[in-house]
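Single chain ahead, by itself, as C-alpha cells, in the form predicted alone.
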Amino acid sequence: MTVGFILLVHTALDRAAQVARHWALSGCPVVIHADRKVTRSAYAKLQRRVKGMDNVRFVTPRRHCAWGTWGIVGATLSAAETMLAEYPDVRHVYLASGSCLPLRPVQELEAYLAERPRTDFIESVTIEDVAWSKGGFERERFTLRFPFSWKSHRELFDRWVAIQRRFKLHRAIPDPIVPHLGSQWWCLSRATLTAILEDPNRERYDRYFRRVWIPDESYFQSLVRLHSTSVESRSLTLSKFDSQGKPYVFYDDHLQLLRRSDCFMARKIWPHADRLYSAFLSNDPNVTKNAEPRPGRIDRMFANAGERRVLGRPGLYMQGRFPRNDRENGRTAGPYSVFEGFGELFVDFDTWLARVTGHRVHKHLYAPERAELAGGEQVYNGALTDSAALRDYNPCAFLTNLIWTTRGERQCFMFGPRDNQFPAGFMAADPNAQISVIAGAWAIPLHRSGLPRELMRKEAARLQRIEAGHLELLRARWVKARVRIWTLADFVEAPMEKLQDVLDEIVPLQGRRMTEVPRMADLGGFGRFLQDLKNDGMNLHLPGDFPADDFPEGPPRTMPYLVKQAE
C-alpha cells in the first residue's frame, strides 16, 4: 500500500519539480497538472526536471485554472482519474499544490494512513451551522449561478449577482447533496474517491457545480458526505488564512514554527525559502515523530499576528491603516496624567511631582507660546519640538506621538483654560488619561497679575467660560478618562488627602503617607479679589465659595498643616 500525490502547479515550477522528485524517489506516484497559462517552454522544462521518474505522470489536456472557477475541480478530477487508473496500489490520494512542502518523512505519512485505511481527511462543514468563509457568499454560492470569473470579470460578476437577487433567480440544490465547505487540500481514500468519480449522478453534479462560486471549496467537501464511511473533518495540510481570506506565506524564519505543528504538509511556502526546502525534503528516520498533526498548537501565534495586522499596536498610527474616529486600537500607547490648576495653586509643582513620582513632568504642553517640555527641552523623544506651530498642526497627534515615543515611562503635564483646547475631547475619551482638575485655580495668577480692574474682569470671564465648557465635556457620559474635579475652595480645605488620591494612582504608596508636599501659593487677599470680581458684575462660580475675609494677609489656615507634614 502507498499514497499517491496530485500536484496542481502554475508558478514556481522548479520547486514543484523538486517536491515531485522527493515523493517519486520515496516510492510514491505523482500526477502533475500544470495550468494551461504555463508557457510551453516552462512546461517542457518542468517535464525535463522529472524525466526518468517512472512514477510521475502529467495530465493532458491542460486546463485553465482561474481562481474560483470550475477549472481547478476539473483538473483535480482528471488527475484523480489518472492516479486511480495507472496506480492500483494507491490506497490514499493526497491533493497538494506546487507551493506545498512536506514537513515529515513520506514513510511516516504512509504509516499514519495505513492505520486509518478507510478514513478520509477533508475539512467539511455545513453552511447551515458554521460560517466558514471570510466574507463573500455562504448559501448563495449554491443557489445563484456564477458563470463569470470574480477576478478577471469583476463588473460582470457583480452585475449578474445583482440581477439574480433582484429577480430571485435561484436554483435548486440537487438531491441528495447537502452543501458543505472546507479547505481545498484533502487526502481521500481510494474507495471514497472512486465512488465520487463513478457516481451515476456525477454528470448532473458536475453540471451543477460548474456554476457554484469557488467549487474547489465545496465539490469534494459535499460529495464526500455521500460516499465516505469515515470522515475526519480536518486537513493534514497546514494552511492559515488572514482576516481577508488570503493565505499566509511561510518563510525561512518559520522553520521551528512549522516543526511544532506536526502536520504532514504546509502551504504556502515562499519559493526562495531555501532553508525550509533543504530542512524538510528528507526522509531521515531521525526526524520521525509519529505524532498526531496538531496545527492548533500554533493557532495562538496566527491569531496574534492577525489581530496585530488588523488592529495595529495600541496608540500607534500608521498611514496605511489610519483609523476612523473611535475605531482606533487605543488612542494612546500608555497611561498619562493631566493636572489642571495644580501649577497655579502650588509653587514649582512640576518639580515636586517629578521628584515624588520619578516620572517626567512637563509644564503646559499646549501653552500658546510653545510646548513647555520637561526640563525646558526644545527637542524631545521622537524628534518632537517645542514649536507651537508644529504642535498645533495636529495637537492630538502631538500627544499620541509623545506617549508612543516614551513607552514605559508615564508622562505628566499641566493643562488649563489658557492652553489650546483642541485636544481636550481627545483626552476625555482616552481610557489611558488621568485628568485631575482644580476648577477656578486660573484666578490665582490673575490675582497677582496687576491688570486694570476692567481688563481683569474680562479676562476672568473669558477663562471661566473656557473652563466651564471644558468641565461640561469632562462630565459627559461618553468620557472614558479617569476624571477628578474639585473647586478651588474644596481643594484647599484638605489638600493632602486629595493629593494622596491622585498620587496613589500614579505611584501607589501602599498605604504610606506622603512625607513631602508642594508649597502652596500665597492666597492672602484672594478671597477679597474674588468678591471684587463679583461686585463688578461677574458671575464668578467655578472657584467655589471663598468668604471675602477667609484669607487675610499671610499664609492660609491650611499651611501650618502642610508645613508640619513636610517636617
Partner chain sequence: MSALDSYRMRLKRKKYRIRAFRKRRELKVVADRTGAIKRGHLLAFTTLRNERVRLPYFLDYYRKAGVRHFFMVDNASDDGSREYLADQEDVSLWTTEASYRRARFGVDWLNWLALRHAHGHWALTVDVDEFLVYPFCDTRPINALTDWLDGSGLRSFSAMLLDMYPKGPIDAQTYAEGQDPFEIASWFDSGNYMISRNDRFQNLWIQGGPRARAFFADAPTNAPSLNKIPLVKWDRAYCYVNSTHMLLPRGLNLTYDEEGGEKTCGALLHAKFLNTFIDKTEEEITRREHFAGSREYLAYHAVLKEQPDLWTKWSEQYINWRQLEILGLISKGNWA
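Think of the rigid core as the biggest set of C-alphas that the two forms share within 1.5 Å after superposition. Quantities reported herein were computed from a predicted structural model and do not represent experimental measurements. Numbering follows the first chain given and starts at 1.
This protein has a second form, the form predicted in complex with the partner chain, left out of what is shown; the following refers to that one.
**Q** With a 4.5 Å heavy atom cut-off, would you call E203 a contact of the partner chain in the predicted bound form?
**A** No, E203 stays farther than 4.5 Å from the partner chain in the predicted bound form.
**Q** Quick one: is P105 in contact with the partner chain in the predicted bound form, heavy atoms, 4.5 Å cut-off?
**A** No - in the predicted bound form, heavy atoms of P105 and the partner chain never come within 4.5 Å of each other.
**Q** Does R297 reach the partner chain in the predicted bound form if we count a contact as any heavy atom within 4.5 Å?
**A** Because no heavy atom of R297 falls inside 4.5 Å of the partner chain in the predicted bound form, the answer is no.
**Q** So in the predicted bound form, is the partner chain close enough to E86 to count as touching (4.5 Å, heavy atoms)?
**A** Taking the distances in the predicted bound form, the answer for E86 is no, it never comes within 4.5 Å of the partner chain.
**Q** Counting only heavy atoms and a 4.5 Å cutoff, which of 251 to 259, 118 to 126, 153 to 161, 410 to 418 contacts the partner chain in the predicted bound form?
**A** Within 4.5 Å of the partner lies stretch 251 to 259.
**Q** Using a 4.5 Å heavy atom cut-off, which residue among Y277, F426, W270, F349 comes into contact with the partner chain in the predicted bound form?
**A** Among Y277, F426, W270, F349, a heavy atom within 4.5 Å of the partner chain in the predicted bound form occurs only for W270.
**Q** Could you work out which of S149, N394, S449, S282 is the residue within 4.5 angstroms of the partner chain in the predicted bound form, going by heavy atoms?
**A** The residue in contact is N394.
**Q** Three residues, I6, R36 and Y112; all within 4.5 Å of the partner chain in the predicted bound form via heavy atoms?
**A** Verified in the predicted bound form; spot residues all out of contact, no.
**Q** Within 387 to 420, which residues come within 4.5 Å of the partner chain in the predicted bound form, counting heavy atoms only?
**A** Heavy-atom contacts to the partner chain in the predicted bound form: S387, A389, L390, Y393, N394, A397, N401, W404, T405, R407.
**Q** When you overlay the rigid core, is the Cα of R190 off by 2 Å or more between the shown form and the other one?
**A** No, because once the rigid core is superposed, the C-alpha of R190 moves less than 2 Å between the shown form and the other one.
**Q** Following rigid core alignment, is the displacement of the W270 C-alpha between the shown form and the other one equal to or greater than 2 angstroms?
**A** Where the cores coincide, W270 shows only a C-alpha shift between the shown form and the other one that is less than 2 Å.
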